[in-house]
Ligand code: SAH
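Consider the single chain below, provided in structure tokens and representing the form predicted alone.
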């Protein structure tokens, strides 16, 4: 997939505040109750116009400031309308007297940044999430730091009319933290929002571990930052082990962690051959000889079947596949795929070994995911769940927003 890079030639004057005259919409009672509990979304089918002058709320452009009221006329929330997704409104404030303006956005951004300042004060990590959208009360706005560069991702269409305004708000906050480049990434597009062209790749640190990130073409915003603490756990689990297998290894984050932990041999399996080259470079950056380890370009399911037939066994197996459930409708097939994967992984797990299983789908609930790791799927080993982890502290969520608890990382032994 190609990309189109553009950049601004010079500073532009500050734009007006985000809020102008909010359009009033009525929200269905069930959705109003969820909003008051703190759920940050209202789906479009739960919205209707409050005035006959606006016959269809779906005719509103994305980015319109809307004021939501319940069916009895009581204020519910102030939000930005999104015409591009089924989520019709993303909520910013439940306070009737709090405007959705630049002051509110700066306050929320500054709070999010200050939280990360506390998390990474040891200066051993310079790759982390600066703002996690809904979890930081800024719905749809994701901002990741990679050393001196920040990558902005905007979900849906609600932020599109406000991109230039965001640039003006973000740049001073970022420069105060030594971040000189700001890039907006969207499908098929890369837009430079600061004045100098940034590098496509750069070196970052994670708990002192060095690795290279492709911020122009890498998945997500460049790397899977949400697995940072789980990589540290794999490093600890690999201490003193003989063989480790990392399935769906991509650029080798878990592989590098296991090797740094002391594993004698790490086998990385992924269908994307070029990703192995990035993994090898990461090994070398950390003074590890990639030649002592194996990088296999293959389908994980087919490789597991062949490895079992060869009698290969591993002391630690890590399964971190891409999302098997991109939608609620896909969940039954996804759970079946997880069962197949975990059963196949058991076939190469050495006696007394440890299995780490991950899911990154918000549509797959934790209890359902654990059901793909029960004794019916993994018979005869007496495996127990030792630990269950989610996303780290720089990926916060909301108590009333179960969709935000998307990451599951289960350790069985």
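As the structure is a computational prediction, the values presented were derived from the model and not from experiment. Residue numbers count along the first chain shown, from 1.
Keep in mind that the form predicted in complex with the named molecule is not shown, yet the notes after this line are about it.
Trainee: Heavy atoms within 4.5 Å of the named molecule in the predicted complex: which of the stretches 183-191, 218-226, 110-118, 145-153 has them?
Mentor: Checking each option against the 4.5 Å cut-off leaves 218-226.
Trainee: Taking the named molecule in the predicted complex as the reference, which of 270, 134, 206, 315 has a non-hydrogen atom within 4.5 Å?
Mentor: Checked against the cut-off, the match is 270.
Trainee: Consider the chain as shown here, without its partner, and state which of 306, 294, 298, 284 has a heavy atom within 4.5 Å of the named molecule in the predicted complex.
Mentor: Answer to the contact question: 298.
Trainee: Can you check whether residue 92 is within 4.5 Å of the named molecule in the predicted complex, heavy atom basis?
Mentor: Residue 92: no, not in contact with the named molecule in the predicted complex.
Trainee: I'd like to check something about residue 248: if you look in the predicted complex, is any of its heavy atoms closer than or equal to 4.5 Å to a heavy atom of the named molecule?
Mentor: Within the cut-off, so yes.
Trainee: Using 4.5 Å between non-hydrogen atoms, is residue 254 touching the named molecule in the predicted complex?
Mentor: Contact with the named molecule, yes.
Trainee: Is residue 322 close to the named molecule in the predicted complex, meaning a heavy atom pair under 4.5 Å apart or at it?
Mentor: Result yes; residue 322 sits at the interface with the named molecule in the predicted complex.
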